[in-house]
Structures are given as C-alpha cells and as structure tokens.
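Given as structure tokens, the chain that follows is alone and in the form predicted on its own.
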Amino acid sequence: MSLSAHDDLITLGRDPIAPDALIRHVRQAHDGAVVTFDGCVRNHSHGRATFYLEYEAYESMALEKMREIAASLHTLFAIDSVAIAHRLGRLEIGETSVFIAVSAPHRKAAFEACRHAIDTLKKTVPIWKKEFFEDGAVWADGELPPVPAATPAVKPAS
C-alpha cells in the first residue's frame, strides 16, 4: 500500500482487489462524484476463448509510475482523491485486474481523470499480461501463436 501527498491510495499486489474499500477511501463529504473503472478478466480475446490471465510487473517502477499518474491527475483535473490498484499473478475469468476510483466535487472532472488514469496506466506502467488459451498462450499486444501453438496447451482451472 502507498499513500501520496493527496492521501491517494496506490496498490500493486497479488491479493484480490476490494473495490468498496477503494471507493470509501476516496469519497469525501464535499465530493459530488466518485467515478470508477473496474478492469476485469473477460473470457475471450481476438475471437478465442480465454482460460485465465497472468500479470507480471517491474514492481518498484510500476508503483512509481502509478504514483506519477495519480499526482498528474491532481494537476490536470479538479479532483480530490485517487485510488489505483492492480493485481499481479494468475487471475481467473471475472476477477478484477485493475481498479481506479476518482473523487471530485463535479462529475465531469472525475470522469475525465478516471479515463486519463486508465489510458495512461496502460501505456506507461510496466505491467504485462499473458493470456492463456486452449491451444497456447500469448503476451497481450503480441502476435497470436500459430495454430497449433508452439506453447503447450493449458487447461482451465477446475
């Protein structure tokens, strides 16, 4: 867990993300809006059934970049508080991989800041996603393996 000068909450870890706790952390009595983004593991990618995902990170740099994103939101938007949490390790279908909550006196700033946060995180934070399919696995944004895949087949969790 990491708190910033604005009482923002930035986390990176292997435990499940608790969205309600993050929302409670950012909500203040003078806020009129809390906007959230819940990035969850879907059961398909590029037309193929996904069994599960694995996330890896350069952890110290990832945390630093996530803190930088939160700090920049306070400069760019009229917001109060930010919470950003990202999971690492194996995640099953339906689990939350990244969660962002932004509070602000007005909804427009909260929406814009939340969108900026996830877009910037995806582009700049050293966190990598590997997708596992019936016929192999691929790092996200990489090339799909040929069929049959060179990597061994994986089975869904029982």
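Quick note: we count residues from 1 along the sequence shown, nothing fancier. Quantities reported herein were computed from a predicted structural model and do not represent experimental measurements.
Absent from the display: the form predicted in complex with a further copy of the same chain. The rest refers to it.
In the predicted complex, a further copy of the same chain lies farther than 4.5 Å from every heavy atom of G89. In the predicted complex, a further copy of the same chain sits within 4.5 Å of a heavy atom of C40. Using a 4.5 angstroms limit between non-hydrogen atoms, Y52 is distant from a further copy of the same chain in the predicted complex. In the predicted complex, a further copy of the same chain sits within 4.5 Å of a heavy atom belonging to V35. Taking a further copy of the same chain as positioned in the predicted complex, the residues of 91 to 107 that bring a heavy atom within 4.5 Å of it are, in sequence order, I93, G94, E95, T96, P105, H106, R107.
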